[in-house]
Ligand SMILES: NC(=O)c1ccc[n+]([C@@H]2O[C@H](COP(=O)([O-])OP(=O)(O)OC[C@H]3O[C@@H](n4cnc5c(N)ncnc54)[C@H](OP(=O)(O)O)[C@@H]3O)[C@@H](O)[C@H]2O)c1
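Next up is one chain by itself, shown in structure tokens, the form predicted alone.
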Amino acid sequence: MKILIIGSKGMLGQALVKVFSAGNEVLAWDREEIDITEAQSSNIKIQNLRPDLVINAAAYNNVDGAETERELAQKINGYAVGYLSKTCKGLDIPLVHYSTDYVFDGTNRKGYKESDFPNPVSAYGESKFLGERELQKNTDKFYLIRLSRLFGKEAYIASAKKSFVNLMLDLAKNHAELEAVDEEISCPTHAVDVAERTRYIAESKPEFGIYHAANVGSATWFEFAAEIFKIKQIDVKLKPVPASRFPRPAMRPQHSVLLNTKLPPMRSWKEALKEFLISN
């Protein structure tokens, strides 16, 4: 199968390229090869390539930056997804696109199913929800996969933000005491696991629609950090603090656990985190 992966230098993109490379012809494209916000040029390039599947892992991921760069976030996360969807519909091929737990408002402490209606509380969440709507409006052959609190190998892109895992490890090198927000419950998820779940979907070909791909279990940022230090056996005093301790421009959902009700469960986030930290 000829597979086009867009956003191949990002954290998720790298994992996708690695996971899909076995037995497939993988075309790994990033900004140098395609600008998904340019509808005409990207359409021509994809038409010339004639892939069997397009996977879009390109995204604007700066949650706080989106509050002041709302138009840019909507352009990349929203309207560009519509352009890709139209191209894939014209070629009669499926499109895989990724969204986020941040499309939900976080008021449901029981977690969110695939069928729950989004209600984002930030500009970033709004831009991702726009992408979801553009996807569903412009093609019927789509797999919309929502992610949560991704960790993994750092992106090759200079502008990419550091993952929470590596941020904590870096801070621990120079600080005996650290603070972490003991709020905002979500599901830490390994990028490799998301890539493997994506391949499972692409090969098993379930019904087109929305799927949640998050490791089992949930945690606050404090609990996430504590597990990182526990696995790496780092002696650092970690203090739980409220979100107000670190004021940020964008609101975050307080409880955005993604419930997977349509596919076999993924492994626990603690198991995935341990594998990642031991192998890196």
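On a predicted model such as this, the values are computed, not experimentally measured, just so you know. Start at 1 with the first residue shown and count on from there.
FYI, the form predicted in complex with the named molecule isn't displayed, but the following is about it.
Across the proposed site, 12, 61 and 155 without exception bring a heavy atom within 4.5 Å of the named molecule in the predicted bound form.
Of the candidate stretches 45-53, 236-244, 25-33, 223-231, only 25-33 has residues with heavy atoms within 4.5 Å of the named molecule in the predicted bound form.
In the predicted bound form, none of the heavy atoms of residue 85 sits within 4.5 Å of a heavy atom of the named molecule.
Heavy atoms of residue 66 never reach within 4.5 Å of the named molecule in the predicted bound form, leaving it off the interface.
Within this chain, residue 139 is remote from the site of the named molecule in the predicted bound form, having no heavy atom within 4.5 Å.
Put simply, residue 41 is far from the named molecule in the predicted bound form: not one heavy atom of it is within 4.5 Å. Scanning 147, 195, 95, 73 against the named molecule in the predicted bound form with a 4.5 Å heavy atom cut-off leaves one residue, 147. In sequence order, 124, 128 are the residues of 115-136 having a heavy atom within 4.5 Å of the named molecule in the predicted bound form; the partner itself is omitted from this view.
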